[in-house]
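Two forms of a single protein chain come next, each set out by itself as structure tokens; they are called structure 1 and structure 2.
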Structure 1
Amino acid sequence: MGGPVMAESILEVENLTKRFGDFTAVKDLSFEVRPEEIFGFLGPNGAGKSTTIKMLCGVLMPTSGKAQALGHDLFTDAEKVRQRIGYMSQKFSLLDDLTVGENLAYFGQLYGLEGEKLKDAIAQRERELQIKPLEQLLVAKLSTGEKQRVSLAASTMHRPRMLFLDEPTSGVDPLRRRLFWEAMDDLVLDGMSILVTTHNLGEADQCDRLAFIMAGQLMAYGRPRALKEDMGRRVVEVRSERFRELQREAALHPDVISAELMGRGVRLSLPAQANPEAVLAHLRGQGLAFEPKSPELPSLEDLFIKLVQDSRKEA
């Protein structure tokens, strides 16, 4: 954090708003993406993630708001940055009646690559994403995981500085997901900045920074660890034979925010300033035997649930 490179940001979004008729899909959204980071855009379905990305990539006109990328206004000066932005849409959008190789060549040419440069770029992308064996196949014949890698290859043919990935790993198995994230890490090492949307909390944890949005609004924003710390809670997991009784007892304690069943144990959320040992001692005093793990930070899931509950209370 901080340091001498309190970097200029790659992407700056200010009060971005999109209305469809009288429905507001994105409301007053502000955030920034810094150089060479993976920025996670987290939110449930319908939160407005795709709508935001589409506006930033120039596919959709915003209702109001500003966005700057790489020193240019995205909404008035988009032509100047197109060459340095990449976009992979949520809906698979390569041409499925063309082969993998033809798709890469097509998008490469649209970004101005030709001749040797084009060939090199195709070869390099195919190597990095391990899609060389697919080159002659029609895209329609590929599996979901293969399609996603080919899409990533196509949207990075021109080595953009800023890459937008809209749910690039939805619908693939954990192993493929991990491979995809490794590919993203390589791109970042190469100097790219990535904004990636997801509703997978595990993926969100891997991001350098996060924006959590719901119903088009920013709910939380920052490093995953900082977000967890900011919740002001500690979590203690407790294993016990009599976990049901334990849960009931714990929920009655004034310092316990929540007590959830987890396997054959209970997961206790406490305020950060509370003393976990005091709570545990109280429970032992009730004649319950258990083995506690050491207290830790809440997970993003805890944050997610808290934010959803808070917003329900408000509504």
Structure 2
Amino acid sequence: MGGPVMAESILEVENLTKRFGDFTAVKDLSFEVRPEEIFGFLGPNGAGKSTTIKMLCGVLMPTSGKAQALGHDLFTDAEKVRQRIGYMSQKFSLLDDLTVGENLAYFGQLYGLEGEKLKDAIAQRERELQIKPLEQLLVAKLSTGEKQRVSLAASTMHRPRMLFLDEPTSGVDPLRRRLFWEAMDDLVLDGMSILVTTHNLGEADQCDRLAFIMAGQLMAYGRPRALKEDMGRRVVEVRSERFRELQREAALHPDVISAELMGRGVRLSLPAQANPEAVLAHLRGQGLAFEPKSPELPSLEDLFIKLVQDSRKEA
């Protein structure tokens, strides 16, 4: 899980650091976002995700480090790139006492749009994000999911090349979350690159590439499948009426890294070089009956838990 390898990129971050007094929120962070990709930025609460985005959007100045977007320094040449960046925060910045259409017009004008260009931009965003039926409604009357889509429309009125989304699907149901991600895919097809922070590991699996940070430091970086493969593990799920006995017996086997209960089953984590059939045969030999699934790669949740455990060991 080595560090980033720079290639053609929209955003390049190098050794970014932010300290608040004696507390280091972000430490020597380096990564890059490539053209027309969805880049996932993951980590537990307090990991430094929001602090990083606020620095990249000009809300906070870094203590040290560099960041370039679209060929311009984000900290010394921000004016040249600001109109080509979009930002959607965790808290919607919409104006509750205006309608959806009035909000889109307002934000479009802030980005310098007017006349036919403004009308065309509003129509395009209303169509892509399926919010045309909401146009005449006050924002205060909208559901969280509706506000989410309107906020995304507002933050992309100027068709930015680089879009920052900070926990955009927090607090919405699975259907609204799926619709939001479909909208993000459309924005990528429209030429945008997206950096999105999320706690949802199912969402993270949909990203082109990921960066995991903990305590402000980069812990893992790469494509989701490659990160799973780099763990050097295989996972086998088994269901059994005697699942607690099976868990206890499996945990004693030398080839079992962990045996975690999952409902009425057990999730076995094995080294990639181990023979799953030998482990299962041993368990059957103990008089345990079960139904196994085929071995598979670990999940991003497995990776996340491993990174947290490794981080605690180092602390």
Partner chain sequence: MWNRIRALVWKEFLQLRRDKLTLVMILFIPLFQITIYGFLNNDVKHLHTIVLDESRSQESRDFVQAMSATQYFDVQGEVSSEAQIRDLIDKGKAEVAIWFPPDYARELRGGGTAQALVIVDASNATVAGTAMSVAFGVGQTRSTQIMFDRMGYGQATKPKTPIDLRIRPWYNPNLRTPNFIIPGLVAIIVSMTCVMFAAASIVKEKERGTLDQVMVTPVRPLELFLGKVIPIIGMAYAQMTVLLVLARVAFNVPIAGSILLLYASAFLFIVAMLGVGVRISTVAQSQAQASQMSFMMFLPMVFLSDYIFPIHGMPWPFQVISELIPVTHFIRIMRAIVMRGVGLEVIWIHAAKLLLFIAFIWTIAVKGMKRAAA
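On a predicted model such as this, the values are computed, not experimentally measured, just so you know. Structure 1's sequence is the ruler for residue numbers, which start at 1. So that the term is clear: the rigid core is the largest set of C-alpha atoms that superpose within 1.5 Å between two forms.
The chain as displayed in structure 2 is taken from the form predicted on its own. For Asp208, a C-alpha deviation below 2 angstroms is recorded between structure 1 and structure 2 after rigid-core alignment. Relative to the superposed rigid core, the position of the CA of Leu134 differs between structure 1 and structure 2 by 2 Å or more.
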